[in-house]
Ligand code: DUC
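The chain below stands alone, shown as structure tokens; this is the form predicted alone.
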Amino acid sequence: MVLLSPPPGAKGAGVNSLHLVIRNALVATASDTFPCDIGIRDGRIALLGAGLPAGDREIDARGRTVTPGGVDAHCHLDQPMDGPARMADDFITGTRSAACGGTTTVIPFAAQAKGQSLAAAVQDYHARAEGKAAVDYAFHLIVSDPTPRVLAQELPALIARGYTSFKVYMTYDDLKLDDGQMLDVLDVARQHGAMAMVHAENADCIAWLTKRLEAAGRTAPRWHAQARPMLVEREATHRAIALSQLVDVPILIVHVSGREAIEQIRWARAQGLQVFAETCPQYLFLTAEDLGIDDSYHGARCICSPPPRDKGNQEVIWNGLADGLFTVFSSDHAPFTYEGEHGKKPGGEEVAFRHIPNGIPGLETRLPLLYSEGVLGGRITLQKFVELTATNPAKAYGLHPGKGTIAVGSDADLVVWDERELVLRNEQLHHAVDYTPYAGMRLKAWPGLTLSRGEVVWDGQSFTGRAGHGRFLPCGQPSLLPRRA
């Protein structure tokens, strides 16, 4: 990447001057690809066109593709947990990692604990983020205790204040809701124009299978996949769709892993129901074998829920990305170290699979993986890449058009791509996790430059951003949802 001084004879800085011009870009949006210069003023895109006036600074992007900064709409950072587990990434290391991987907006979760006020959970999460983020951020809510006060007062008030999306769980004892509680929460989403995200797995089936596996002495990490077969995701997906149909409210099924859940979503779409879907890199690049083919503990690094499936299901996920089944492609970054007492070995011990913290790191690798294997691998178009990783997430969570596109008036969140081969190593990454499940993969591209509101936060070699640059973003009504009178 070449940083240029203004051309000889150019006018000096002025009130209406362009602070930065990116020259000779091949700009990609969710609908078009076109060559142009990008003029940036006060952190926003001011002009798009050929032969723009000189800027105070200039970058030559000749021969490179420029996409909107990524919007990672499903990641976990510094989320409160019961000990000894503790997430490795806080808002400093997590957003640093995001910037270096081309993501300029993150939406992690303010998680309500049972017995806790939802408003108190939001206040606590703001304290965790304040002054630390290197890129912009918004919050989803996690509703785990929908008391009458939460339903009637707290949740509607928070939606009105810009927390317009929330996640509900059908599994995990400390988070799951029963069907009646799900209906109550979905009804609030309908009344107040919020986006409801659903983690769809059948908790009772998982508990029953886990008990039987443990009784047979099958407790190694690889048995995690056997405790969560596709049918538990299929059943819960079907039930979540039925509940949303009863309430008449759109939902977004998160981290869809394979064929059986996808069949349920396709059925719902065929009935005219508004059911959106998200998937993640682990379902394209990992399989159940990554959890182990023997009883070694190494596979604990790849435990997540739902678990990765098989090679055949990877193809189903790729097809769903290409044909529009999936609306959003997120990392579901859940950063736990492999070594140490706070991560995959709670208390420093190897434990049965049901006690291993769920989740894998992926914030920094999400975009390079999909760009390399999706776009450059010929599986999806460049426009589909932008749609899945930036535009649709911004629309789904009420941040578009400020985020997720390259347009006059939008924030100057941009990625200039460097198409080159590299072998992925964890030492290259900027998170606080001691591994990446994608180590050893041969990639074909990496961001050569990341800009957040016109500031270079990754120069292709080093993180150049700063803690505190990121701003909190109140969200509007998700633009994927129908407008209600």
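All values derive from a computational prediction rather than experimental measurement. The numbering used is simple: start at 1 and walk along the sequence shown.
Heads up, the form predicted in complex with the ligand isn't pictured, but that's what we're talking about next.
Pick the stretch from 156 to 164, 229 to 237, 261 to 269, 326 to 334 whose residues have a heavy atom within 4.5 Å of the ligand in the predicted bound form.
Only one stretch qualifies here: 326 to 334.
Can all three of His76, Tyr169 and Ser305 be found with a heavy atom no more than 4.5 Å from the ligand in the predicted bound form?
Per the other structure, all of His76, Tyr169 and Ser305 touch the ligand.
Examine Asn392 and determine whether its closest non-hydrogen atom to the ligand in the predicted bound form is within 4.5 angstroms.
Taking the distances in the predicted bound form, the answer for Asn392 is no, it never comes within 4.5 Å of the ligand.
With a cut-off of 4.5 Å between heavy atoms, is Asn358 one of the residues that contacts the ligand in the predicted bound form?
Yes, Asn358 sits close enough to the ligand in the predicted bound form that at least one of its heavy atoms falls within 4.5 Å.
Please tell me whether any heavy atom belonging to His255 falls inside 4.5 Å of a heavy atom of the ligand, as the geometry stands in the predicted bound form.
The answer is yes: His255 has a heavy atom within 4.5 Å of the ligand.
Is there a non-hydrogen atom of His199 within 4.5 angstroms of a non-hydrogen atom of the ligand in the predicted bound form?
Heavy-atom contact with the ligand at 4.5 Å: present for His199.
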